[in-house]
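Take a look at the structure tokens below, where one protein chain is shown in two forms, each on its own, as structure 1 and structure 2.
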Structure 1
């Protein structure tokens, strides 16, 4: 066992990378749930985003076009959920599960010719002066653009929900869709926009895995991150900054357990592999003790005729 092999600066920098896919997926789902819709298809949208982004990046040689394609891919798949739940008024839980299964299947089909292919590298930002600061520079100012975009999306979602008319209407639809409809707000249209935003964020999160975190394509590579994102939204009490905290906690423990395995710590590998999930859930359960209740209309079907 050699703990001196673990570099704390690299550890913290890599936890931010490990947290980003989860952060993007969770903040997108938070907006969807704030609008009163429960979309369990996050995993499906992430994996479709992962292969959409990967294939376009490989074919064009541009990771940025890849990320754009991943957001479009996730949003397009979310339209299937829109048709099922907002047009056909199908059960949201069943539709979300179907979306995940469909996403896993179609991504496997799309990705058959990309196994073993290396995608173009996504450059890290170099910020003059800031990137050269000892310790802080490598940790905070030497990452890729998408990582910073994830943090900016969290800040934008928080500010929108708290301070803007758009956020107020979105929350009103999520709390009482009948009252919002009576006031003249287009409930279905608002929910469609929220669902597509959630799909685009999930797609970006998936592409972050296939293009940056693990730059390759393997079938089912999201490995449950979509489900963790769903749990994270609930345990974070539908608060954007808590989603950020939870994602970084999960990323930190994931990276730490990999480093501990590499250092030869005498704990069975299975226990180390379980630890990120268990510790994240425990901490978030404690955080969510001050019950900020879920949006009151969450998961309920809206009938415009009422």
Structure 2
């Protein structure tokens, strides 16, 4: 065993990178669920975002245009979910599953000519002086912009839900869509915007994998992160900061356990491999002892005539 082989600064820096796709997807889904819609298509929107972002970044040479395209791609795919659930009033669970299957399929079609292509590098932020501070510099001040954007989105979602009128309306729609409708709020329109926001966030998360974390395009490369994001929203009791905590815990322990394995720590590998799941669930379940519950209208279909 040689724990000194693990560099804690590099470890923390890389756990933040590992957590970001999950964080982006989960915070988007949180807003969707707060509006009373259960979209199981996160995985599909992520993978479409991953290839949309990748292809645009490769074609234009600009990772930023790529990220923009990924958000658009995710949002456009979520429109399919909008049509099914908000216009045709189809079952949300079935529509979400269909969205994931469709997303996986169409992304592999879109990605045919991008296998083995190297994307343009996304530059890390470099702030003179701040980035050079020992320990804190590499951890806090020298990542790519999207990582900070993820944290900012969490903060913005938290503030919006808690302190603004828009957030109050969104929550009202999610808690009781009939009452919100009676008050004159456009339930369907609000939900459509929430779903598209969720799609854009999931798309960004997917592109973070294909442009920064891996970086390359491979079919099915999100490999289930969308599903973990869905579970994370529930375990985080629909609270933005807990989503952040959960994502960092999960990403952190995933990276940590790989490092521990490489360092030859004498903990059986099976326990290390399951540890990210177990510890994240445990911590969030303990935190959710405060009886916070799901939005009351979650997954229910709304029609103005009801």
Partner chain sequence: MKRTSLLAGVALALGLATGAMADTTKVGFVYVGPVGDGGWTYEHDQGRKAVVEEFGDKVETVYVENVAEGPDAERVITQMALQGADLIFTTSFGYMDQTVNVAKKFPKVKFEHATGYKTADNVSVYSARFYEGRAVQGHIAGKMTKSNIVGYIASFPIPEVIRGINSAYIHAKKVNPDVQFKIIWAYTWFDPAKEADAAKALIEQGADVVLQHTDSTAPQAAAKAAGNVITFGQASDMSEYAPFPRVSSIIDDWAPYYIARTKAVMDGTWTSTNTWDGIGAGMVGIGEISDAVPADVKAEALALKDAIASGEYSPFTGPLKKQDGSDWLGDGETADDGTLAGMNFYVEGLEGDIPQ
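Residue numbers count along the first chain shown, from 1. Under this definition, the rigid core comprises the largest set of C-alpha atoms superposing within 1.5 Å between the forms. As the structure is a prediction and not an experimental result, all values here were calculated from the model.
S.K.: Quick one, which of these two is the form predicted alone?
M.R.: The form predicted alone is the one given as structure 1; the other form is structure 2.
S.K.: With a threshold of 2 Å on the C-alpha, tell me if residue 241 counts as moved between the two structures once the core is superposed.
M.R.: No, shifts by less than 2 Å.
S.K.: Tell me whether residue 60 is among the residues that move between the two structures (Cα shift of 2 angstroms or more, core superposed).
M.R.: No: residue 60 shifts by under 2 Å between the two structures.
S.K.: Taking the rigid core as the reference frame, is the Cα of residue 272 displaced by 2 Å or more between the two structures?
M.R.: Result for residue 272: yes, a 2 Å-plus shift.
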